[in-house]
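The chain below stands alone and is given as structure tokens, in the form predicted alone.
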Amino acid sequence: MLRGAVGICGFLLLWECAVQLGAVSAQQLCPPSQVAAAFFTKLADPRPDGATLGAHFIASSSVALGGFLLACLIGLPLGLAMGYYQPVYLLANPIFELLRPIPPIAWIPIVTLLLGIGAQARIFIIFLSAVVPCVINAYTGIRHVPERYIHVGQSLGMSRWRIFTKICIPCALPTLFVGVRLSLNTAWTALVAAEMMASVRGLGYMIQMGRLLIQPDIIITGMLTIGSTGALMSALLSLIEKRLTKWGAER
């Protein structure tokens, strides 16, 4: 923790010095002091993009978390079923492998035609990005359950469903949480692409307006807000994992 803080402070100091000494143009990359001033100004001032930082954050959080939760609710059960039941794998895997390589931004035209330009469309774009890590890690977690655990359950007369719920899923929990954390990061990563669809609120919209108005302090404020929020949520998920799984606690 202390080393991380020292590293961040050192990076910010180097960045500030590079701009102040003229090694980097302030018009291209503003110093951290200007970013900090823009951050505190945006907390109360809606200029230049029509909303305060808090309003942008709430709009983006609702979209990002909506897509993320939908990805977990659909992706985790699907991945678990694909890993445990061969017919489900044979049915779902070809479709999944066909859709998985498509980047989120490529979905924007067709999603706009189907769902319009409202919050539902943006949530769906984020869902398409965030569901992939959930499915892959849930599938991998089930496939990596040791065979001897399953054999023990069979020798005790457990049904296939009880083996799945009482043995396989608990064993797969650490890998599932890796998928959930990756899904959360992907949701925030896809946020800017999702908010390209005629948004008037959101951190992605704020970043886009900062680009159009050539205000790098606004751009970096939005970027750092997205990054810090994602990092805090990922840390929270790690704490939940350690409480739910002994494997997480041992790590």
Partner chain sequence: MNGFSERAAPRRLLRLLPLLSLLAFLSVWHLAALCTDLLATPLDTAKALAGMLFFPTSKVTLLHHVWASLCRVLAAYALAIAAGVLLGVLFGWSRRFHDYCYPIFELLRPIPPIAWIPLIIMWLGIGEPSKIAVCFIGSVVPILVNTYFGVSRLDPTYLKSAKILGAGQRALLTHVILPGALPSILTGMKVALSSGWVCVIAAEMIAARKGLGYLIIRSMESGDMVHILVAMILIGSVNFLFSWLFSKLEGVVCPW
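The structure displayed is predicted, hence computed values, not measured ones. Numbering follows the first chain given and starts at 1. For the two forms, the rigid core is made up of the largest set of C-alpha atoms that agree within 1.5 Å on superposition.
Note that the form predicted in complex with the partner chain isn't included here; everything after this is about it.
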Taking the shortest heavy atom distance, is residue 188 within 4.5 Å of the partner chain in the predicted bound form? yes
- Message: in the predicted bound form, does residue 239 come within 4.5 Å of the partner chain, counting heavy atoms only?
- Response: no
With the partner left out of view, is residue 73 within 4.5 angstroms of the partner chain in the predicted bound form by any non-hydrogen atom? no
Quiz prompt | the partner chain contact at residue 127 in the predicted bound form, heavy atom, 4.5 Å | solution = no
Spell it out for me: taking the partner chain in the predicted bound form, does every residue among 20, 178 and 184 have a heavy atom no farther than 4.5 Å from it? no
Checking 65, 55, 196, 37 against the partner chain in the predicted bound form, the residue with a non-hydrogen atom inside 4.5 angstroms turns out to be 196
Near the partner chain in the predicted bound form, with a heavy atom at 4.5 Å or closer, the residues from 131-162 are 142, 143, 145, 147, 150, 160
Yes/no, residue 231 Cα shift of 2 Å or more between this form and the one not shown with rigid core fixed: no
